Ligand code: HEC
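Shown next as structure tokens: one chain only, the form predicted alone.
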Amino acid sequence: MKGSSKESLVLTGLTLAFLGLTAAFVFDLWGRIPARESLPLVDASFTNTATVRLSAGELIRSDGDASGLDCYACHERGKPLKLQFDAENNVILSKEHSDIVVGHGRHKRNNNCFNCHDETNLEVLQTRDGHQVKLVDSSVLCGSCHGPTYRDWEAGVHGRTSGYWMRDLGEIDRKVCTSCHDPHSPAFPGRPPAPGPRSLHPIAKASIERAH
């Protein structure tokens, strides 16, 4: 057989083979691949990086509306403020403070406002040993009772710290205790768990099952 005849035979065979493959795809001889299932979007609450609340210190430093923190807009400066308690030793709050839920500590041992607020100067806080603390430094007050947790917070183990680990590259941003915990009722609220990992697409899953 001459070379030209062999070449023609090979080309004819390849042509027929490609035509056969084309027909197979056109007439879907091997079955059509099912469409992939679209993945639902994750609830934005699970990807949001903002803290659950805005601390008084952050509000003050950001020049936000801190008028609600001005105690002497309502209370008389220099006049001692007396607390009232009900028969069960719960502090009676005025209607202006009806949004506050007092639940700091167990067995009602810390339901006295003046355990944290300075009764002689409502613009500052006070530690257990009587030292005054500014609102922007409220974590120092928390540390006067919660020492181990406060030390963990200082080390960056507890709470949220962002920024640069290498201080020469930039500053860090360490959120204060009240960025996450309500100071009047600090127990962290429960939340539903984030969704688990998505299972494999049906095609890939079936392929893995066949392989095993």
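Predicted, not measured: the structure shown is a model, and the values here were computed from it. The numbering used is simple: start at 1 and walk along the sequence shown.
The discussion below concerns the form predicted together with the ligand, not included here.
- Contact check for Glu37: no non-hydrogen atom falls within 4.5 Å of the ligand in the model of the complex.
- By the criterion of a heavy atom within 4.5 Å, Phe18 is excluded from the residues contacting the ligand in the model of the complex.
- For Asp86, no non-hydrogen atom is located within 4.5 Å of the ligand in the model of the complex, even though that partner is not displayed.
- Residue contact with the ligand in the model of the complex: Gly68 places a heavy atom within 4.5 Å of it.
- For the stretch 166-192, the set of residues having any non-hydrogen atom within 4.5 angstroms of the ligand in the model of the complex comprises Lys175, Val176, Cys177, Thr178, Cys180, His181, Pro183, His184, Pro186, Ala187, Phe188, in sequence order.
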